[in-house]
Ligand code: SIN
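Quick setup: one chain, the form predicted on its own, written in structure tokens, and binding and motion questions come after.
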């Protein structure tokens, strides 16, 4: 992607300008971000997804007028469990639709001017008249693309983020909107983290939310430490604690200071190798979600071209290639080829001709795992 080239998706500004002017700073409303856009999934297709056990879905209902009385149920939902279309004030939220539909996965590719490490998923919100999830804020960036019907958005920069108590949803107690728009199909609204907003359906409508992951320090530290522990013997060594100078103690329950220092040194050694930390981070960032599974593929005798499965997460750093929670050391021409696969999510027959026998073997293995697919035609991302 040419980051300095203006995009219709961003209202005629370039990705570079968007990232320096709007990203995590201020909202952006784009009329006809995708001209003449039509919903990629029909209502029946969305309802079918909501009925599947491996798909995360929620049903939100609120009474009309004044302070709403909110209710939320978690799926899966059989069709008869979903309210009638003639009933108002309800919303069906289906998470991670890009994992289950190639069309939605292709839509998310349009936002790859932002690092894959930050891209999360696409959620579809289907609502009848008056439906919504109340005034709230998110801790992550989001693009709200109107796919069908109309939705009214009210947004504000308020500092008061207190919530209504005893609610199944995080509803802002004192929402004070500053701007108000109605979005039509193809219109899109970008909101930075913690920007208060409320979307209300005007008639039957469908909105696509392209969301981003924002790791928290505690979660990230826990995940990295778990992964670093797997290779701790290699990085920290196998020294045994010695305390030949330990005197007799009158307080046997007290932890010896020498042992505390030994433990501290062991952790420092584990973190000393920067490649170990990079490896752990890349594996964490590409780890598939718990509800993701791959179908074992039939590997052809010869790969003519390959493309990543829509559920595959592939990234790299200066020393590693990461795919679906696993890592490989890579260098030279094979590393360049794998980085090309990660960036473009596909390789042509001409590209594959440059691969070494070892790289081809790895690609074949990924095809076996269902992470990669072979074919004469490559899906357009």
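Positions refer to the first chain, counted from 1. Just so you know, these numbers come straight off a predicted model, no measurement behind them.
The form predicted in complex with this ligand exists for this protein as well; it is not shown, and the discussion that follows is about that form.
Across the options 109 to 117, 143 to 151, 306 to 314, 171 to 179, residues that bring heavy atoms within 4.5 Å of this ligand in the predicted complex belong to 143 to 151. This chain lacks the partner; the member of 209, 128, 286, 270 within 4.5 angstroms of this ligand in the predicted complex by a non-hydrogen atom is 209. Only one of 222, 157, 136, 103 lies close to this ligand in the predicted complex, with a heavy atom inside 4.5 Å, and it is 136. Put simply, residue 82 is far from this ligand in the predicted complex: not one heavy atom of it is within 4.5 Å. Remark: residue 197 counts among the residues lining this ligand in the predicted complex, judged by a heavy atom distance of 4.5 Å or less. Of the heavy atoms in residue 280, none are within 4.5 Å of this ligand in the predicted complex. The closest heavy atom approach of residue 94 to this ligand in the predicted complex falls outside 4.5 Å. Interface residues of 1 to 25, taken as those with a heavy atom within 4.5 Å of this ligand in the predicted complex (partner not displayed), are absent.
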